[in-house]
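This text opens with one protein chain seen in two forms, each one given by itself as structure tokens under the names structure 1 and structure 2.
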Structure 1
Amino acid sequence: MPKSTTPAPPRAKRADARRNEKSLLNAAAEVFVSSGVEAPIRDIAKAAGVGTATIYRHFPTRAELIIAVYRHQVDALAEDGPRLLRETDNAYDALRTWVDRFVDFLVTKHGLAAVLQSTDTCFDPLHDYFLDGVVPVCSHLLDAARESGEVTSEIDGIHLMRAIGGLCAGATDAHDYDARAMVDLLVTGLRARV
């Protein structure tokens, strides 16, 4: 009965902590946009108005913080796949639309694409999260497009996603490089020749 030993109502704290975490994630998201996902922890803490140790308490590794920041959007991406497949007549078009959304996600999340390419083991949890949640969706879209004969390439979902990540990692504000156009070429290349 810990409740009797700690007079403070645990509910309140939970709500408080959750709100805290929420604002922390919002702050982290902003810093990620402006300084990339490798931004100094202290910067994130300052933006969130908390101490650095608080970040570590909530998210022991940077990968976990990144996952938390993008979880909703990654999950949405994962859910988009089946829906697009249902709602679109054409499997290849569904794939193309989904890829577009993935590109949207990556180009607005400055530095994320680079992290997806990183081999630093500290990012493994992030890689795993993608591997488990969204790679299967991509693979499924590819399979459907292959079944319908629109795609002949035997490429894996994970490889397609890595490739898209690479193409998006090259996008910088400084140049007029258009990641979307490049990905379009890639997806066009998937298409079976008529």
Structure 2
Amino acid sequence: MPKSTTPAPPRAKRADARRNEKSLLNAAAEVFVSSGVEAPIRDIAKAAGVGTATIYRHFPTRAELIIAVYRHQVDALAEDGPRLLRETDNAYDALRTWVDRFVDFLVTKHGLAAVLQSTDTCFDPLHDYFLDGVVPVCSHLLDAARESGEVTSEIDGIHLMRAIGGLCAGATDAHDYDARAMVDLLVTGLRARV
């Protein structure tokens, strides 16, 4: 009898392994923000409360760790939108809270920006991953706020995100620039006048 040449599907990670990996990714993200993506692996391991071997077991290369951290942050941002709509009193407040988290993501990912714009092709798919994961969430939040009458602007999700991105770009150039205040002004302008 011939053996099947179809590879077995990858085994799903146990719940505790997923929690450990999430904790490790959160710790790596914090270290990247404070010390940059070239921070020693031992610093990430210490922040995560694991040994360096654990990090290398999950992520054999720094590039794999950087990609995983970026994807983890994009996934968290994408998951926040629907949850905020369920848990917040109104769609506009859900949108505003999500935009605050998006600003945090943009401002803190500046440490990753140089790496993500490098010539290493392993980072190429990350921009599409970001757009595919986050633009629909922003669009859905905007649509919900429009349907409830809280937002009258016809701006779509990608343009709102680009506007926010533009406002956040100045955050690293000038110490007296308050990106969050500028974005708040933008989002306040979306609100329907009563």
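None of the values given here were measured: they were computed from a predicted structure. Superpose the two forms; the largest set of C-alphas matching within 1.5 Å is the rigid core. Residue positions are counted from 1 along structure 1's sequence.
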With each form of the chain shown alone, which structure should be assigned as the form predicted together with the DNA?
1
With both forms fitted on the core, check whether the Cα of V183 differs by 2 Å or more between the two structures.
no
Is it true that V50 shifts between the two structures by 2 Å or more at the Cα, once the core is aligned?
yes
Does N26 show a Cα shift reaching 2 Å between the two structures after rigid-core superposition?
yes
